[in-house]
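A single chain, nothing else alongside it, follows as structure tokens in the form predicted on its own.
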Amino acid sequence: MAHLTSLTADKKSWKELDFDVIAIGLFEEPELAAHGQELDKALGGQIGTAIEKGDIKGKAKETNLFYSTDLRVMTVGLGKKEKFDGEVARRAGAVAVKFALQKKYARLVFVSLGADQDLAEGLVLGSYQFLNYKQEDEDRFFVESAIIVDGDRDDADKGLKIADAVCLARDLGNHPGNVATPTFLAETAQAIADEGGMKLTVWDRQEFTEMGMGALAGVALGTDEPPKFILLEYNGGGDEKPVALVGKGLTFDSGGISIKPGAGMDEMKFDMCGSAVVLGTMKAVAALKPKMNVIAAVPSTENMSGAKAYKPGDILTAYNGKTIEVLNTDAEGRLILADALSYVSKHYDPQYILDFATLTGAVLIALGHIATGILGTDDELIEKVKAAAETTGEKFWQLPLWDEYCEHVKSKIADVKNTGKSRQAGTIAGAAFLKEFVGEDIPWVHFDIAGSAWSDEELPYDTKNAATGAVVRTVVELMGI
């Protein structure tokens, strides 16, 4: 893990702080506020001159650097003032810290923009680098500390803790499949449990098979890597009903007998990013210790084509007793989630269930890497997800889950089948299947993160071709942590 971990806010004057560079935000049609005027005076009026000559526009992501003998000042464009919100602050922080990384400035100060939690999140997320498997080289550099001048220390600390949780989710997604195994996920859950005073239960292959988790057991048949069913319980809310989080922990997906094409198969290390969302969220719970109860379930295995692997045409029996006709072994994520959803539905009385999965290629075709597809049984809960996203800046798009689509996963020889109609509504079919395993009266939302879990371009606080940790911040906001 390589990201900024020393971040705070301070009411001291910038003159009393130690730093390599100090950043100020400027809107379009730039005007210098009090700190900016003070800094500009120390620079002999350089910033004001650049504004007058039109060299500083204040457009989003624009950066400029000014010097005196003992001072460096970075200006960061914020765009139009009337459009300023937390996401603008978050992106500004990310732009500033990436600029500091590029210039090799180890200590960064940023003058508060009035949205200190968001700014802190951006500073941490923008500093993230995944360097676990690179040898030391001269280009390796880290931003060691950041201070938000004239900011709120509690808000900055909360932003740091939430972003740290996102970075854990990113690390889990970025590790290769031979490292981020089901055992590794269980060990990560143990570390979170220790930090947050949680109860952890981990069942192995024999145990969850004997418990009746036939869908997870079926998918796991083809791998020698020990599968796990991981359950974390956080009890901070007394007798309050828990929130239930379920994450797909498919640590590598070859497609099984229905094998995937070789090109791009390396990206299937990201197929456990649903579990990364859950563990990242629980990391935030452990750090922030909210007064609520949370259940987190992660069914985890590889999907391989060993001699015992399950086959197209097989019928599996899930934890809730429903039978499943397997028509494609590459539609395995919904199978392992079926047992997890059934388990939390039966043994808890949750306020609601959220599940997270890199479930379908169809959602990537529909929404690209920009947005997460959401579907569910409770319109009020879905609206709360959307409202939380307004705060976090993450993007979600609701797809319908009408009865006509649910008919697509009915089987003629079993209760359900694990595919819908060929080349039709693939993302919806995946959710329609999962719906069969959620308790009838439990509000539920499914998040298909197959596109949003990793990025294919360099964005202000995301890294190209790497896990994003998407959805963690929105779930934390939704839960009111």
Ligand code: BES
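Just so we're clear, the structure is a prediction, and the values are computed from it rather than from any experiment. Residues carry their position along the shown sequence, with the first being 1.
Not pictured, yet referred to below: the form predicted in complex with the named molecule.
Within 4.5 Å of any heavy atom of the named molecule in the model of the complex lies no heavy atom of residue 47. In the model of the complex, no heavy atom of residue 157 sits within 4.5 Å of the named molecule. Residue contact check for residue 364: one or more of its heavy atoms lie within 4.5 Å of the named molecule in the model of the complex. Within this chain, residue 374 is remote from the site of the named molecule in the model of the complex, having no heavy atom within 4.5 Å. Among the residues 90, 334, 283, 170, the one placing a heavy atom within 4.5 Å of the named molecule in the model of the complex is 334. Checking 398, 235, 351, 328 for any heavy atom within 4.5 Å of the named molecule in the model of the complex turns up a single hit: 328. For the three marked residues, 130, 225 and 251, no heavy atom of any sits within 4.5 Å of the named molecule in the model of the complex. With the named molecule omitted here, the record of contacts in the model of the complex names 450-458 of 432-440, 60-68, 23-31, 450-458, defined by a heavy atom within 4.5 Å. Applying a 4.5 Å heavy atom cutoff to the named molecule in the model of the complex picks out 268, 271 from 261-281, in order along the sequence.
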